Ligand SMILES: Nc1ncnc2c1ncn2[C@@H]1O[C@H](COP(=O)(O)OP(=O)(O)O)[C@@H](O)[C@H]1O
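Given next, in structure tokens, is a single chain: the form predicted alone.
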């Protein structure tokens, strides 16, 4: 079994992926870290993001890592590099944008453009769209982690997997986000004053 856990930074990818691996007695693999080690990607601390330097090399490396690691849970922001024929499920973690904003700002110390870009990406379903485009709707499980314990999130994932029930369209942040907050995020993203 090969599972991929993805989502906007701050939604709980590493926590959920490592705990899921532990509970299922699978290996945990941080794909982003492996890509950086190989030189196919680099982490840019100024914008809190991974930049793919060599797409062909990165795709080849991800394929090799997947093939070498059956029975694993892969943690990544770069789901578009994953060959859909080599994975069973992509789990996309979601989090209320207001909580995500506070978490990234207060717990991680993020500021400015990258903070606002990531919150906007969550509101606009960026990780979900990337996952569906990359592996197809039938392999995607979307989980709203808002207000849930790690155990509750994992239980929901396991229920969806055991019933072979892909799910997406679980959340619609645009229906709950105040338009003024959205406008402020967009202005911040464009280099205007921070929220």
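All figures in this text were calculated on a predicted structure; none of them were measured in a lab. Positions refer to the first chain, counted from 1.
One more form of this protein, predicted in complex with the ligand, exists but is not displayed; see below.
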{"item": "Partner contact for residue 57 in the model of the complex: the ligand, 4.5 angstroms, heavy atom", "value": "no"}
{"item": "4.5 angstroms heavy atom contact with the ligand in the model of the complex for residue 103", "value": "yes"}
{"item": "Proximity of residue 153 to the ligand in the model of the complex, heavy atoms at 4.5 Å", "value": "yes"}
{"item": "Exercise: residue 148 in contact with the ligand in the model of the complex, heavy atom 4.5 Å", "value": "yes"}
{"item": "In the model of the complex: members of 96 to 124 within 4.5 Å of the ligand, any heavy atom", "value": "103, 107, 108"}
